[in-house]
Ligand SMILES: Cc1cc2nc3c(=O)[nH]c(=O)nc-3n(C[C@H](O)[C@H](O)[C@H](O)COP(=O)(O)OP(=O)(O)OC[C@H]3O[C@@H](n4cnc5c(N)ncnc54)[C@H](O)[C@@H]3O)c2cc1C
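One chain comes next, on its own, written out as structure tokens in the form predicted on its own.
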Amino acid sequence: MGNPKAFLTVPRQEAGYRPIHDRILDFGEVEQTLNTSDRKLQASRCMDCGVPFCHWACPLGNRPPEFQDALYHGRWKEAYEILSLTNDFPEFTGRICPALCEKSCVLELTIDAPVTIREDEAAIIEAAFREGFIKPREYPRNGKKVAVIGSGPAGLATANQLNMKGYEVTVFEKDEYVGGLLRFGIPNFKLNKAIIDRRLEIMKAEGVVFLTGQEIDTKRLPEGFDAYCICTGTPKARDLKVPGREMNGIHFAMEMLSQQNRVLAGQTFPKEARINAKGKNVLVIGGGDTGSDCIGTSIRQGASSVTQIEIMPKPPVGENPATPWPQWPLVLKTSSSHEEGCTRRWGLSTLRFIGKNGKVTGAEVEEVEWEPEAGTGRPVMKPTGRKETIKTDMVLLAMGFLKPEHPSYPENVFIAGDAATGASLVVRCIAAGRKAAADIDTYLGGKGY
């Protein structure tokens, strides 16, 4: 490293978010960027540890010490080349990854100020596009064809890797746009869709064929391909089957999020079909990232108030002995959407929805406690009898997704991403897509990795 003691003199500096009063008025990306000089200084904080736990924690096996060193010395192209060896889409992960690498950084352990790996990654890929380092390439073809079903992060990574290995790749997407979760599940204020389109143009120029509006029955896959990869994600959301669920005003989170992204893309919807939080008291049920996205979207739509409830207990603040370093810490997370204004509550179970004239007006909830089960220590929910009604005009169910079930497939059919594991992180889906491509290549007589 050029400056092995920089972490002693250079404090961690995050780019931060746009001011709240400004960002809630639009769906532009909330995160800002640092100038080139400050970004190099942040890269200099990397200690080049003898055991790079950042590399260990990254599902993609990224090499932060190597690309941080290149970035610090101003070798942007080299930094991009190192980064792209392990990550097909740093422009996605650099924006929306929770940065498992940073939580395992030695500086996180010692001074609670890890290297800004995620932001540095985003800066590198943006410089690569800006400086023209990324250009379509031609790859020799091997005469074999592979179909990828689904164009989310796993499908895109699978297609990209197979295309580079010489296969003719066709991606089938059921929706009208390519991108899957990236396109329809993640709000624009976290990932501008022009970022997706920019990458798709490169992939198309390199030979990947995308077919949209293709609803493929995985039991009857299209003919003419040597292998297939199922990357259809987790399309079925977990429902809340309590009295009153059928009332108007209760929606799955993805119904709202995908519709809002479509509206921003120029589509229109009849008034009666529009899911709009304007002037409403919104209740978000579920405390994960999807729930957070619902909060930010509701605020931008003009909600009167937003309340988020979670059935699990409030996570510890700062540190959690149950998940010590270098593991991913299960602690209280405050997102940019939370900062924008919402009430957060934990340990609440929803008993029923209350309404008038078929329209939801409230949710009856009960406080619950979690106690360890004798013998196993597994947490068991215990109702307390303390009940109340939360006033609401709109309910958004953000309680996760059900792992899909698959039939028995022929040996030339592979499964990758959330379709195989259940809902996970975008970075894990990209890693799964890369592995699936290697497995398909090996199956068809190639060398895999």
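Because the structure is predicted, anything quoted here is derived from the model rather than measured. Residue positions are given as counts along the sequence shown, with the first one as 1.
Beyond what is shown, the protein has a form predicted together with the named molecule; the following relates to that form.
- Heavy atoms of residue 149 reach within 4.5 Å of the named molecule in the predicted complex, making it an interface residue.
- A residue is said to contact a partner when one of its heavy atoms sits within 4.5 Å of a partner heavy atom; residue 24 fails this definition for the named molecule in the predicted complex, lying far away.
- Among residues of the shown chain, residue 255 is not one whose heavy atoms approach the named molecule to within 4.5 Å in the predicted complex.
- The named molecule is not shown here, and in the predicted complex it never comes within 4.5 Å of any heavy atom of residue 189.
- Of the candidate stretches 24-32, 418-426, 385-393, 402-410, only 418-426 contains residues with a heavy atom within 4.5 Å of the named molecule in the predicted complex.
- The contact with the named molecule in the predicted complex, taken as any heavy atom within 4.5 Å, belongs to 181 out of 303, 309, 125, 181.
- This chain is displayed alone, yet in the predicted complex one of 350, 232, 260, 163 has a heavy atom within 4.5 Å of the named molecule; that residue is 232.
- Residues of 260-287 are not found to place any heavy atom within 4.5 Å of the named molecule in the predicted complex.
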